[in-house]
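Just the one chain here, the form predicted alone, laid out as structure tokens.
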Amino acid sequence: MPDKVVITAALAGAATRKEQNPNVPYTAEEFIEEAVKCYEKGAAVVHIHARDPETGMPTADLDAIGAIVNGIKERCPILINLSTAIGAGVPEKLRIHHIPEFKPDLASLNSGTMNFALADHKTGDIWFDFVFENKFDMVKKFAKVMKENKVKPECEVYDIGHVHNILLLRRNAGLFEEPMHFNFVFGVAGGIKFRMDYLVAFVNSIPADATWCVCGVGPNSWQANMAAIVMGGHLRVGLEDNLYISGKELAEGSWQQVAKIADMARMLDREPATPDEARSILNLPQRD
């Protein structure tokens, strides 16, 4: 098990809003300040979904994304991971156009078309529902763009079939740089919830030399991350995934969750990796 653990902070996502937690960032300044705080608390990577600063809606606007990315780079050395999901209904060309523009260290590569919903898991009521489209052809296109621009794909898998989607495409010679990196996502309505045996199945399904991390929605978050600490994986927290720091106590920001999970990792003798150490651990291309 590696001594160092890479912590990613996912700051906003496409769905969480200030009405739910006022600390969800909308403006570039809010994203930048939050990224700096996360870095100071032990995060090595920040995952970004840009927002329209006026409406709070997810946006693919290059100026909005650029203001966040460039502002973060000016303030701290944290690694940048840009989403290619953006938000519901965003067309394919706008989901990938910012990757060659900004050449982040990592980018999410979603691995399968699926139902994706906001739901009440106690009653079964569905509040918001859409089909998250990630056809094989789209995944291949996105992976090629990432490779051409020396961006590490973070293969986002929401159930075990998504792992096998990626492994099927891996047979295309040269599509991926090895070793690969996976993010196991738990708790999305339409995907798989967290259980230890599910996590073990994920880990046993990927190439032996691949790196992996976890993230979990709501109550899945702390459970999945604690299990990953024990099993030698890497971690993701943040207001994209979980609005709370404990129970129903709202988090003061993603930085507070970073501080908590960093302390949990240290309790098990795993020290948070610096951005430079994370670059080596995740086998990321060197940047000027």
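The numbering used is simple: start at 1 and walk along the sequence shown. All figures in this text were calculated on a predicted structure; none of them were measured in a lab.
Below, we refer to the form predicted in complex with a small molecule, which is not included among the displayed structures.
- Distance criterion of 4.5 Å from any heavy atom to the small molecule in the predicted bound form singles out 188 from the list 106, 143, 203, 188.
- Using a 4.5 Å cutoff between non-hydrogen atoms, residue 156 counts as a contact of the small molecule in the predicted bound form.
- Under a 4.5 angstroms non-hydrogen atom cutoff, the small molecule in the predicted bound form lacks residue 102 among its neighbouring residues.
- Although the partner is absent from this view, residue 241 contacts the small molecule in the predicted bound form, with a non-hydrogen atom inside 4.5 angstroms.
- Residue 199 falls outside the set of residues with a heavy atom inside 4.5 Å of the small molecule in the predicted bound form.
- Only one of 144-152, 70-78, 83-91, 166-174 lies within 4.5 Å of the small molecule in the predicted bound form by heavy atoms, and it is 83-91.
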